Each structure stands twice: as structure tokens, then as C-alpha cells.
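Taken one at a time, structure 1 and structure 2 that follow are two forms of one protein chain, written as C-alpha cells.
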Structure 1
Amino acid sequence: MAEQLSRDDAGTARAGSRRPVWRPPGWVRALGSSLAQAFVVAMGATFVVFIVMRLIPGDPARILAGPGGSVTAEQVERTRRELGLDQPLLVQYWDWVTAALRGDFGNSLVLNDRVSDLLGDRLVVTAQLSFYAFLVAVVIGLPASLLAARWQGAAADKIARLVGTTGIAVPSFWLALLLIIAFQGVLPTFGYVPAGRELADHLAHMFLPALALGTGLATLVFETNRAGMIDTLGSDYIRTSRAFGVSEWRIFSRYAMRNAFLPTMTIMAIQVGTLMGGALLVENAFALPGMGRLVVQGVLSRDYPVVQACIFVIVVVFVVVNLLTDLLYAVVDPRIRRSRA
């Protein structure tokens, strides 16, 4: 496209009449390439999931047709046709993805229920837990990083590195157990209360799980944002601003924070998938009725529509969040927004 335009450009120039050629502004091109990449990644990842699920031994048509030896070969064949399992693999994949995007994940092989019905409420719990964990990460990680960037020095560096290493080294599900040991009898350590019923009780039940899940991400936010702040504060334009007498507060809050936050945002977006994966484990520690229980049961009983649906949801959330981050980046970063090449 760009090549085409520039060739036209050369052509008109030779013809003598210089008409301005429209080129999409930077953010439109950024949007286009982000969308295209997100699409490719989403298709690829869901295809991998689809293929992996096909590796599960056993014939789904036979399992779904009915229990044990009571089914005839004809019934199995009919089920196979009904489910489209006699179609080529790529057709099956396409049918599955398009149905999944409409919220139709088929029927569970074990629980005798529609997968979308099984997912419904559990997805809400997992989403809430992930969201609160994110809040924990931002509320702890960001202010701490700003303080650390304000007071730089050898000791601060050492502490920051220690915090970062510990953040990776302490698994969320073990932190969950420690919190349960420490707060038994003080705060609720198991079970779930819907937000609509009793908000205070809901938050009390989610507090420890969110802390367990969010602390690791908080250390990551701390590390990234601190590094970004220190980097920006040492750059030329900050020195120039200082020389021009811009107030220290304004430099810190307006210039440095805004620039440092972009990479932090990207890292947080990349962590969304990992966070949801961790949520599955933390839910198990706190007996929260989220997707974690469902997916573990699904894996153990080889209930592929259930496992497939859970992974699909996580992949789609990951891709969408990262796409939105890309777009936000394109809008916020003037270098991308205004670039025309």
C-alpha cells in the first residue's frame, strides 16, 4: 500500500502536476498493524489450543453418544456427523472458533451441561480476582516506585533488586498459604460472597486472594516503573527543563511519570495472561468458585470442551488487553501519533 502510494507520487511528480497524496497518519497505521498482529496471534494461539485438545486420547463422538457398550456403531457415527467431527480439521477449527466467539463452547463431556453455563459465574469470580490483584499491584507498586525513584542511591538499588528477586521467587499460591496461616480467624480465608449480595463481605473474602495474586505483579510494577523513572529523570530534556527553571515537582509528576508509565503499562498488559493463570492456582488455595476449579476438574477428567473454553477465554483476554495497550500507546505517544513516513 505504502509502496503503491509512493510510486503514484513519483508518477504524478513526473507528470508535472503536484497533487498532495494522502497518507494515513501514524496512529492509523499503528492501529492497522496492531489489529493485524493481534488477529494472527489470536488465531495461532487458539489453533494451538485446538490441536492440543485433539491429542486427548479417546473418541469424543463415542463418549458423547452415550455410556458404555449400549451404543451402536451407527449412533456413534451419527453423533460424529452431528458434532461435525467428520469434517476436515481446519473446518472443525473454524466452526469451533466462530461458535466460541458467539459464546457457544458446546457441551461438557462429563458434567452433562453446556460449557457456557458452567463458565458463566466462574468467569466472573476469576475476572474479579484478577482485577483486584491488578489494583493491589498498582496501589502498592506505583507509589513505591515513585518513592524509590525520588531517593536513589546504592542502598536503594540493592533494596529494589532484592524486592524484585523476591517478587519472582515467592509463588503466589505459596503466599496464599502463608496468608491463610497468618490470618486464620482474622479475615475470611475461604469461600466466596457475590458482590451484589453484601459488598463489604465480598471484599473481605477477596482481600487475601487478591493480595496473594497481586503482590508478585506489584514487585514487577515497582521494578519497571522505578527503572523507567530513573532513566527518564537522567535524560537530556529533563536537564534542559531544569535549566529553564521548570519546577522539580512539575518535572517529576508531569514529564517523568508520564514517560515512565508507558513501558510499565506494557509489562502489566503482558502479565495479564500470567496473572489469570496464577488466579487459577490461588482460587484453589482459597476455595474460590472460579475457573480454576473448573479447569482442574476438566483436565483431570479430560473434559476437552471445558479445558478448551477456559484456555480460549484467557487467550482472548490476553490478546485484547495487549491490543488495547498498543492502541493506547499509539494515542498517547506523540512519536507514533504524529509520525508520517
Structure 2
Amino acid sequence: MAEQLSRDDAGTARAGSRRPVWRPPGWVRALGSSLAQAFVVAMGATFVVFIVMRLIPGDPARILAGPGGSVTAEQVERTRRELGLDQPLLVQYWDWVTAALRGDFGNSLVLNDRVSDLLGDRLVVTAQLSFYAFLVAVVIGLPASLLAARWQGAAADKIARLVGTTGIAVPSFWLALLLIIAFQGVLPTFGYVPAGRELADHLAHMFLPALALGTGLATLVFETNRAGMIDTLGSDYIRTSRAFGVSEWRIFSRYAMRNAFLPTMTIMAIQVGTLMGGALLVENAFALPGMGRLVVQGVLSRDYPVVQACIFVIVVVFVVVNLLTDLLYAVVDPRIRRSRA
């Protein structure tokens, strides 16, 4: 018996002498999980784009080898080897994505220039257009949704919902054509002026493209935030706040708006990638020198590196914005912060 007690005491002493296992804080684990998910999504999206580009009819090696009538099979095969197109698809994808992560997108097969140089100024134009369209959506959609929710069922609410439903159904490129016809001679409808040259002229040239691109997102923001505000204003804690005499303005601005904005923030984050994709069509309508023309030219000429680089940039922007939105959720909503901790 004494021997058994001594063994138990020795085991307890050893257990007590062990150092507790360190575990990272909850926010560190949540950040690591979000980064891992973002990496998987980015790699999956780029792989799908890479495979789809190879499924498009047409052989870039045959196009680059020379005029169709004078090209031999040996010339096509030699060009394919020089471009690395004779390698297995997985090998091609690995070589491309590892180089892209270093910022090296290779050379254009048609324009004989570095893809990163081609993307430089064009990416700036597309980013500016997407940013202005986002501002249009916020400036139009959020105030309209708050007013419609505050006076639910009124004539202004019904008109705003009718306009919003129509805005969702109208494609951005079709709205771009309507704006060109309606404002021709009033506002600049074609061309681009850099912001560093003349800011007022730059904003005038970007107003109609931003309006055409941002209208669809504005209607989504309006519908989502209006529904969230109406649902929040009818919740139990809002009724309790009113019963305790809290002012209507404080309830509306501090309690309802903050909670209703969470699903709206998700919609806005998801639509960032859609904005950059839609910008490619709007740029062609307004003759803006952005990534839109580059993508169209690359698809028509089977210029794999150019198209893949443009899609890669859009995917990375989409993933990064969604990652930042996921982290912003924890800042806006304390409940998410506590659950992750």
C-alpha cells in the first residue's frame, strides 16, 4: 500500500512538473484558417482558368509558327516545345503558378512583351473604374436603403424598390450603351485621361463608366440592406429598447444599422470580383485602355499568358477582399470575436 502511494505521489509530481502546452490565441487560429482557405480558393480558381484556356479551340503554336499555308508539322512541334506546351498540363500549371507567385507572368505570345509590363497601366485603369463603381454603389445604395426602411411601405419606398428591381435586371454593358446615347455631347463618352494629368477631366471621363458598372451593385446593396434593416427593426431587442425609452434616432443609427450592415458587407465583398469582371465589358464600351481590351485580344489570339495573368489578378483581388471582410466581421460584431476566441 505504501509503495502504491509513493508511485502515485511520484506520478503526480511528474505531471505537475510538466509545462502546459502552448496554444496560439483564438484570433491567430482564425487568421491561419482564413489564410489557408483563401490560398486553396485562389489555387483552385487559377487551376480551373488554366485548364479552360487549354480547352478553347485553336493552337497558339500553330498561330505563332507562321502563316497557315506555309507551316509544317515540324515547325509547329518546335514552336510547341519552345513554349513549353508539350509538357503535361500539371507541369505547365506548376511552372506557371510558381512563376506568377513571384510576379513573373512570362512573355506575351503575340505582343512579344513581358505580361507584367502590359498589365501595369491597364491594371491601374481597371482598378480605378472598379473603385469608382464601388463608390457609386455605396453612395446610391446605402442612403436609399436606409430611407426606404425608415419609411417602409411609403410611396418613396415603393418607387425605390421598383427602380432597384429594374437595376438588377439591366446588364452593365447594355446600360453603358444607353448612357453613351443619352449623354453624348454632354459628358465624355470615350477615352481616358490619367488622374495625374487633370483630375476634373479624369473624373468626367470615368463618371459614365462608373455609373454603368456600379448601378447593379447599388441595387444589390439597396435590396440587401433594406431587408436587413426591416428585419432588425422588428426584432425583440429593438422593441425592448423602445420600451426603455431609447430615442428612435439612437435605435436606428446605433443598433439597427450596425447589425443590418453585416450581410450587406458580405454582398459588397463578393461583388468586388464581379466588379472587376464586369469592368472588362464596360471598358470596351467606353474605349478605356484597361484590362478589358487586353483580355479580349488575348482570348482571340490564344495568348495564354496574357489571359491567365489578368484572371490571376482578378482572383487574387477577390480572395484578398473576402479575407479582409472576414477579419472585419470580427471588428464589427463582438459575438464573432468571442466565438473565435
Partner chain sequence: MRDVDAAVIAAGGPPAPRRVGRGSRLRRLVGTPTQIVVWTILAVLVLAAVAAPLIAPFDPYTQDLRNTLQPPGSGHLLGTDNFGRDQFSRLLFALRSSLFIGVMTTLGVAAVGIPFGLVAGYARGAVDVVVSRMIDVGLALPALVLALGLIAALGAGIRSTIIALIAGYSAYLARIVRSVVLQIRQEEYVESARVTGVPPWRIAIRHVVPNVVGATLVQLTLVFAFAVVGEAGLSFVGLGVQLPTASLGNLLAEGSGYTLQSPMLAVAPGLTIVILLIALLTAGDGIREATDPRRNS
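Predicted model only: the values in this text are computed from it and were never measured. Heads up, when I say rigid core I mean the largest set of C-alphas that superpose within 1.5 Å between the two forms. Start at 1 and count along the sequence of structure 1; that gives the residue numbers used here.
Of the two forms shown, the one predicted in complex with the partner chain is structure 1, not structure 2.
Once both forms are overlaid on the rigid core, the distance between the two CA positions of Thr165 between the two structures is 2 angstroms or more. Relative to the superposed rigid core, Arg78 undergoes a CA displacement of at least 2 Å between the two structures.
After superposing the rigid core, the Cα of Val186 is displaced by less than 2 Å between the two structures.
For Phe50, the CA shift between the two structures after superposing the rigid core equals 2.5 Å.
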